[in-house]
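Next up: just one chain, as structure tokens, the form predicted on its own.
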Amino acid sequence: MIHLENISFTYPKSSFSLAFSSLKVEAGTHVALIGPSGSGKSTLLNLLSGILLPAQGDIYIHEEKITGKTEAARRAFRLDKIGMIFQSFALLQYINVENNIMLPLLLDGQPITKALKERCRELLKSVGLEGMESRYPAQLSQGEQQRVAICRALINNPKVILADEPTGNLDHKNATSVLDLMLQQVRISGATLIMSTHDRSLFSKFDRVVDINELTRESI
């Protein structure tokens, strides 16, 4: 389970603040996080990943309290337990597809074994990119780049996938296709998914929809 309790966060030298009393997400649940631009969706995802720390409150990811960890420990936890997918894809242009997918493992200092290379190939095949390990991001379409980003998020079998508007740069057809592939792979892995989105046509694909405005309103 993911559990956030009595959360309060404010950016330095900014009027933006985010505060709510509680959010619980059962393990294996797929959640769409909605709200207008600037409402705090990305901030909430960054709090969940441990990139940001709340001014007060506690965050638990599968019974581990990440708000009590040092920055180095949060980084290690993120690399090991959390997969992240970004709207901008966040692929490194100077390394090939295989190394982009392996990046969380490389940053964690893990050796790249034959088994991991095989998993990489299987993930690429599952999202329709079989045989593209040696290509570079510039050689791929936007939809293909986002599929690589999905593979990267799944390579270390994370417990939690955090996706920040991952289909926002794609047209509706590609967005639907990429989301279906992502949900299929997340279901296979059994991971919990929290994805921010503006696209209401996608809501039916999720187990639960959380409106960040309703979440914070309950704390007033």
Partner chain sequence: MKNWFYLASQYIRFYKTRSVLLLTCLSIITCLPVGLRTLISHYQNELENRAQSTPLILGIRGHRFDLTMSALYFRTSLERSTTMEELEKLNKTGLVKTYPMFVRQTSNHIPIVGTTIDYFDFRDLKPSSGTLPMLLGDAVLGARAAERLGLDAGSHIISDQTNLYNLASQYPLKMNVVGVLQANGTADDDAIFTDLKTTWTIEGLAHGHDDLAKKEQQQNILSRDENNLVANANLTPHIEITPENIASFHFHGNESDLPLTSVICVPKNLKSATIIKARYKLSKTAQLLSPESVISELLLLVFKVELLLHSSFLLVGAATAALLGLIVMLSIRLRKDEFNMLHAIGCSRKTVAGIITVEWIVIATVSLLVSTAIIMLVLYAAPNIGRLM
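These numbers were taken from a predicted model, which means no experiment stands behind them. Numbering follows the first chain given and starts at 1.
The discussion below concerns the form predicted in complex with its partner chain, not included here.
Practice item. Would you check whether its partner chain, in the predicted complex, lies within 4.5 angstroms of a non-hydrogen atom from each of 93, 107 and 110? Key: Answer is yes for this spot.
Check your understanding: Should residue 71 be classed as touching its partner chain in the predicted complex when contacts are defined as heavy atoms within 4.5 Å?
Key -> It does: once its partner chain is placed as it appears in the predicted complex, residue 71 has a heavy atom within 4.5 Å of it.
Practice item. Although its partner chain is absent from this view, report whether residue 121 comes within 4.5 Å of it in the predicted complex, heavy atoms only. Key: Because no heavy atom of residue 121 falls inside 4.5 Å of its partner chain in the predicted complex, the answer is no.
Review point. Would residue 27 count as a contact of its partner chain in the predicted complex, using a 4.5 angstroms cut-off between non-hydrogen atoms?
Key: No, residue 27 stays farther than 4.5 Å from its partner chain in the predicted complex.
Check your understanding: So in the predicted complex, does residue 132 come within 4.5 Å of its partner chain, heavy atom to heavy atom?
Key -> No, residue 132 sits far enough from its partner chain in the predicted complex that none of its heavy atoms falls within 4.5 Å.
**Study point:** Option touching its partner chain, based on a heavy atom within 4.5 Å in the predicted complex, out of 126, 87, 142, 99
**Key:** Exactly one listed residue reaches within 4.5 Å, namely 99.
Check your understanding: So which residues in 66-83, when you check its partner chain in the predicted complex, have a heavy atom no farther than 4.5 Å from it?
Key -> Stretch hits, in order: 71, 75, 78, 79.
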